[in-house]
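First structure 1, then structure 2: two forms of the same chain, each alone, as structure tokens.
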Structure 1
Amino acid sequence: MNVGILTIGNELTGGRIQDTNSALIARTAQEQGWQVSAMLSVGDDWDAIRDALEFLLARADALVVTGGLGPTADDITTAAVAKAFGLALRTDEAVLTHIRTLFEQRRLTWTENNAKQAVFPEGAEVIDNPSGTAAGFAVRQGGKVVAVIPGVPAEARRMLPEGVTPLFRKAFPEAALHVETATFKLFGITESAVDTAVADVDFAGLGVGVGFYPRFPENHLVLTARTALAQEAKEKIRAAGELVEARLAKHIFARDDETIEKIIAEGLTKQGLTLAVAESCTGGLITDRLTDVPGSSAFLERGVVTYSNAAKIALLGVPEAVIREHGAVSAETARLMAEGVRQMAGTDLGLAVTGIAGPSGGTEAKPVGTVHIALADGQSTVERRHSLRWDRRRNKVMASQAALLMLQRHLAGEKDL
């Protein structure tokens, strides 16, 4: 089955917000074994919506439309869809009562324009919205289905799997396939190098699709198999996955929905270890990423941003003479920072990073992008130098990723950090 995607809103075409719904819908379609034939974004304009519907319906069996279902004057999607298909509009009294009840429960002031969210094209099937006030709807035209849901990402994330997907599967039962995927997350290797590493693998012959997706600072390699039988798809992915791992194992740090932060959290918790972090050029980014994991207080004792030389000296005990002789960005300082934060916090591990994020501050000996990362465990301290080549923000992200990767490898018992 081919699916078309239409996102509507002046905020999209004006560049005020990023369109995340299209990516969400496309991923959902892939998981169901459906192909996305095209995706478009248009503003809140009657003619643009009509033309977009016509274009997509010529290429797809089903459409997912998001945006423009709110109460304000510029929310014209419902009326525009009805006009495009020559359908009258009607008020669904049950939906209207539901919206009024929500306003009462949330102690919100009712204004009559909210009743607009209970108006649908004649013959439309209502799609419940468990997260907001604006319900979605679906209309059928010439054997094709058009599902319209709100553009609020949090609402779309609920309505897509709970309302739209079941509707499409019911309308097109013959299109159901089992889809198996495997995602390999890599770091320290370019997209082109990933492609070269697996160039000799006959993925098509294995019945597996392969995709390369840069997601800074990572590169993702995704395998996809679509078959009628679940076990057959799993076997195809297993066979292809073994070939990928044989060629790229040293760069793979996570798979599928795993994140490096979650892997580290599980490793520290399982081993009963505690951690303290000292950051300079990353400005707290490492600690921020670790605290994204629920329950991180079980292993993360503290994170300190020792940005100035004075902070490194006063808080971490780095001797002023070391900074004067070797510099704040040096292997010696990084080591002492890791050991200092560990001793200060009384933790099992100390992780530290210091560097030159840019765009200024570099020298011939230490150009912009020079970063030193150190990890201390009380018995030894490992330090690594990295030469990054990005802008300031990306250098910070890359440095945080490299530091987390060093910690992950240490927890896995690897010797080469």
Structure 2
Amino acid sequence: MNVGILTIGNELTGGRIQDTNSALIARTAQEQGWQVSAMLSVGDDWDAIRDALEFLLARADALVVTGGLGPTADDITTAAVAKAFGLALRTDEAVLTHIRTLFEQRRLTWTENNAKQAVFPEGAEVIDNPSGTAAGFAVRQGGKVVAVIPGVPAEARRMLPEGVTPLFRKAFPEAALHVETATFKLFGITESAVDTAVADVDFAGLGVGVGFYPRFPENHLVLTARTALAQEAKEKIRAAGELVEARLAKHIFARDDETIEKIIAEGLTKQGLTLAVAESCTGGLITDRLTDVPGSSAFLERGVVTYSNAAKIALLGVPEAVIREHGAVSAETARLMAEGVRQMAGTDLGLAVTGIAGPSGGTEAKPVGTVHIALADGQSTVERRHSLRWDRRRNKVMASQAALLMLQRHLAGEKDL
């Protein structure tokens, strides 16, 4: 089954607000196993709405329309839909009473234009709005269904699953497919390299759709299968997933809803380990990311952003001589930072990053983007050098990702960090 999406409003075509309803509706359709053939946004304009409905109805079995159901003069969606289908407008007394009651309950002054929200095309099926005054409605024509709901995101978010989806499933029972997806989150490999790595896999032949989504600094590979039987979709995804794992295993750091921060938080908590972080060029981004996980105070003892050499000496005990001899950005300093923060914080693990984020500060021997990452666990200290080639912000993000990855691998018991 194909779904078309139409969002209406001058605030959309004027770029004044971000349309979040289209993505919400698309996700809902995806979850139901329906294809979205097109998403269209037009202003509060009779001809534009008529043309949009015509374009979408030629390409979809069902439409979801949002916006323009308000009480003011510029809200013409209901009338425009009725006109496009040659339907008269009727007032629904039950809805009118409901709206009047809401006004009394909320002690709002009743103005006649509000009665407009009780007017629907003749023969329309009313879709209740549990959180607002503007009810939605659905009209059927030539085996197709058009559902119209308010544009207010909070209202659409409820009416979509509670009103629209059930209505579509009833209208198109054969279209209720099971959808199974699998997401593989990769780091340290470009989108094109991901593509090349799985080029020999015949996903179509396996009945699985594949998509590549760059999410700097990550790359996501998403598999999707739609089948009548849930078990069948699961099986297709499992089979295709194994082929992806076989080719990209060493780049996969998370799957589906996992994030590297959550995996690390779980790992540290499960193993009962504590962590201290010493950051230079990442400026606090690593601890900012780790503390986005609720309960991170259970394992994160402290973080220090030692931007000055004095701070590296005072808070990490890095000998001034080492900084003088090897420089603040060096393998030696990174190691001593990791060991120092671990020792001074009395934690099980110490993670440290020092580097040159840019745009200036680079030298011949240590160009902008040079980053040293070290992890100390009391027995040994691992250190790696990275050469990043992005702008300041993206070098920071890349460095934080590389550091978190080193920690994740250590917690997974991997030897090669």
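These figures come from a predicted structure and were not determined experimentally. Just so we're on the same page, residue numbers count up from 1 along structure 1's sequence. Note that the rigid core is defined as the largest set of C-alphas that superpose within 1.5 Å between two forms.
In this comparison the chain labelled structure 1 is the form predicted alone, and the other chain is not.
Shown in the overlay between the two structures, fitted on the rigid core, is a CA shift at residue 70 of 2 Å or greater. Once you line up the core between the two structures, the Cα of residue 44 ends up 2 Å or more from where it was.
Residue 133 is among the residues whose C-alpha shifts by 2 Å or more between the two structures once the rigid core is aligned. Taking the rigid core as reference, the CA displacement of residue 60 between the two structures comes to 3.9 Å.
On the core-superposed pair, the CA position of residue 108 changes by 12.1 Å between the two structures.
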